[in-house]
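First, one chain by itself: the form predicted on its own, in structure tokens.
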């Protein structure tokens, strides 16, 4: 009888996903995320499942000569050195679309919360200043302009909700033009980044993190935004220059900011945006819904198990044909 594959998971997940992994192999939960522990525990692993913690680089991969697949429970995979995985014949998979509804709803909630001054109103009530209820005058979303940077699954869904629920004017920018029906559903118009920044009262970010998007929203970009605009980041923290955002808020060059992600996670105690009354922040929790967690767990389990069984992955990050060719060349 052939040995069951060893699957090392750095994260817990929905029970349905754990059952799928356990049925397919010997599932082990990492005892620690400390590098010295991971190097030891990954040594005989055939598969690795990760979430947001930990950097998966070539050195760690080299400590696992049997490693065939890395599964990212989630959408972003910037903590994985994908080229290093490819040259070692390791397939990387992820779960795009699994958390679309949750993150889109979180984005809309941020838009509503900033518009209605929820941070200030909640702080006033907590402090016993009930009569502050008339101090902060909000604004409706209806008829306002939303600019979406990154018109992928989540960006499209945000646009659809904004258009249908609130009658917002939707602009977007993306390096890839979507199908015409995607634009039609959101009533969206594709524009250049500068036009979007100058025209939008709400700007929301839905791009992957790479060298082209790192610090995409910097001081120069912020200077092109309307002073009555709100900026929302639910993609990746380093896409935004957080210090520049704080400075823009200080001089009223930005109306509000909301984020679920940070340049460094967890953010330091002296973070320039935590605790501000004109900011809404959550701890990278936009995907924390029963449905999204189940979708991610089952999706990543299905692809990890499939790769271990020689099947083509549904959601590959690197090219399966290239990975397979490299594995053959390496004699794996």
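Residue numbers count along the first chain shown, from 1. Computed from a predicted model, the values in this text were never measured in an experiment.
Keep in mind that the form predicted in complex with a small molecule is missing from the display, and what follows is about it.
A.B. asks: Flag this candidate site as yes only if 76, 99 and 175 all have a heavy atom within 4.5 Å of the small molecule in the predicted complex; otherwise mark no.
C.D. replies: Every residue of the spot touches the small molecule in the predicted complex.
A.B. asks: If we define contact as a non-hydrogen atom of the residue within 4.5 angstroms of the partner, is residue 103 a contact of the small molecule in the predicted complex?
C.D. replies: Close contact exists here: in the predicted complex, residue 103 approaches the small molecule to within 4.5 Å, heavy atoms only.
A.B. asks: Classify residue 307 as contacting or not contacting the small molecule in the predicted complex by the rule of any non-hydrogen atom within 4.5 angstroms, answering yes or no.
C.D. replies: Taking the distances in the predicted complex, the answer for residue 307 is no, it never comes within 4.5 Å of the small molecule.
A.B. asks: With the partner left out here, check for me: in the predicted complex, does some heavy atom of residue 114 sit within 4.5 Å of the small molecule?
C.D. replies: Residue-level check for residue 114: no, no contact with the small molecule.
A.B. asks: With the partner left out here, check for me: in the predicted complex, does some heavy atom of residue 242 sit within 4.5 Å of the small molecule?
C.D. replies: Looking in the predicted complex, residue contacts with the small molecule do not include residue 242, since no heavy atom lies within 4.5 Å.
A.B. asks: Among 136 to 144, 167 to 175, 219 to 227, 195 to 203, which stretch sits within 4.5 Å of the small molecule in the predicted complex, heavy atoms only?
C.D. replies: Of the stretches listed, the one contacting the partner is 167 to 175.
A.B. asks: Among 150, 119, 89, 238, which has any heavy atom within 4.5 Å of the small molecule in the predicted complex?
C.D. replies: Of the listed residues, the single hit is 150.
A.B. asks: Go through 281, 27, 30, 286 and name the one with a heavy atom inside 4.5 Å of the small molecule in the predicted complex.
C.D. replies: The residue from 281, 27, 30, 286 that makes the contact is 286.
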